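A single chain comes next, written as structure tokens; it is the form predicted alone.
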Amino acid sequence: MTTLAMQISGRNKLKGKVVNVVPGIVTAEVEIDIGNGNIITGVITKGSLEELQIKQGDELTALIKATSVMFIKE
């Protein structure tokens, strides 16, 4: 079996544990607890959810790459 080395441009990697999965018809919401009471929620395709076999309790890494950043001052 060949192992591929993958490089990726995203630098914001947050490791956590899956605390909730909400599958829909086409997409699924996945919530991971990254510690200190912080939850990251992402939306993936239902196909990806099934292919990766993501379930509550799994350890995942959220890779975040923003194409824009907004600020608000109140």
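What you see is a predicted model, and the numbers here were worked out from it, not measured in a lab. In this text, residue numbers run from 1 along the sequence as written.
The same protein has a further form, the form predicted in complex with another copy of the chain, not shown here; the description that follows concerns it.
**Q** Is it the case that Val19, even though its partner is missing from this view, gets within 4.5 Å of another copy of the chain in the model of the complex, heavy atoms only?
**A** Val19: no contact with another copy of the chain in the model of the complex.
**Q** Where, within 12-28, is there a heavy atom within 4.5 Å of another copy of the chain in the model of the complex? Residue list please.
**A** In sequence order, Asn12, Lys13, Leu14, Lys15, Val22, Pro23, Gly24, Ile25, Val26, Thr27, Ala28 come within 4.5 Å of the partner.
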